[in-house]
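One chain comes next, on its own, written as structure tokens: the form predicted alone.
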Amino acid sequence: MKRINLLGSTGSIGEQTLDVARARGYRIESLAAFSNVDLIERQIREFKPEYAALADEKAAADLKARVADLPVKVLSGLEGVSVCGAEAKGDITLNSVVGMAGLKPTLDAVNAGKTIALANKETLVAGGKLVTDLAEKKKVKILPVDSEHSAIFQCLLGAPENKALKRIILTASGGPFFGKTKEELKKVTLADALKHPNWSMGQKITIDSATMFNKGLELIEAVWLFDMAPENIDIVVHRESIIHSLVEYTDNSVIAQLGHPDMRLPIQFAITYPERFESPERQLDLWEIGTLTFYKPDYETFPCMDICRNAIAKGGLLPAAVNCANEEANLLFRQGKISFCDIPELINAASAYAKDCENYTLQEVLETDVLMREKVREIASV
């Protein structure tokens, strides 16, 4: 019986994790989210966890009153989310919290010795060295949930002991604006940017996919997960989202993992690793797919990928800086305060103010977060 602490339970990944738990009869020990009281109440009544938390204090107070008839311990704030990940009885903590808010709960869960199923990119982007050093010290496994990193992980399972890994190839759908010019992007709206061709995701990550910043985040994450130099990680646009990523060995043999764009498969594999079981994903019939296409990314029109590659190459707090600047710029675009093309410009301008240091603390990451958000708003004059 698998026991799961689920952080980010009301988001897309969280709900699909609960689909997997239902199908396999797994025990949910804790549920945590930001502010969706209605949905988390329904989840609590169905799964009866020991702990539940909402980061929003007022929403947490409302939830506590609503579930007073149940023996669940309702917590609030970021500390409450961390307790759900670290102190609840789950064997594995699945973190699908959106954004920088996921970093501290991951560190706390690692410190508590929990296996981590990671769907929060920002954990490794902003605090990669902190997280990987602590995981090594605590002998904790970090298992990827993102479809791309899960694909790489699965492709490496058959690798020789020396791995002989030459290159990682991340696939990208290209988002809703594939093939558009810089001039055309000046006119796009929020509604346009939210029309992802293949995946159903939350607004923040869907905008990141539209700017291709999401692929830059995945590149940084791959550096930490697979101990790979950024120059040995390539990106290929694959519109069908059937190949989820590939690895190339020193003999130039390339191995890929394929499947329908259904997050329940990588979620289930992270939870059940090293075993495999029947999953909710339907069987892949290649004759139905027919054609798979591949294109070189347009780095000039979508500069966010290179912004991230340059950040991880320089290291220190710069990856955290570009991540936090993007979070604020992404938010401003969703609020209608800036244009789509302002996003990469604001990331570049704000991240220039990042503190230059090779080694850093959690406090310095959190200070960088505050500084970048201030700088983005200042430069954008909002």
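None of these values were measured; they are calculated from a predicted model. From 1 onward, residues are counted along the sequence shown.
Only in words, not in the display: the form predicted together with a small molecule, which the text now covers.
Taking Ala172, Val223, Ile116, Val97 one by one, only a single residue has any non-hydrogen atom within 4.5 Å of the small molecule in the predicted bound form, and it is Val97.
Note on the partner interface in the predicted bound form: the residue among Ala350, Ile28, Leu63, Ala33 having a heavy atom within 4.5 angstroms of the small molecule is Ala33. By the criterion of a heavy atom within 4.5 Å, Gln257 is excluded from the residues contacting the small molecule in the predicted bound form. In the predicted bound form, the small molecule sits within 4.5 Å of a heavy atom belonging to Val81. Although the partner is absent here, Ala55 lies within 4.5 Å of the small molecule in the predicted bound form, judged by heavy atoms.
Although the partner is absent here, Thr211 is not a contact residue: none of its heavy atoms lies within 4.5 angstroms of the small molecule in the predicted bound form. Listed stretches are 152-160, 180-188, 202-210, 131-139; the contact stretch with the small molecule in the predicted bound form is 202-210, by a heavy atom cutoff of 4.5 Å.
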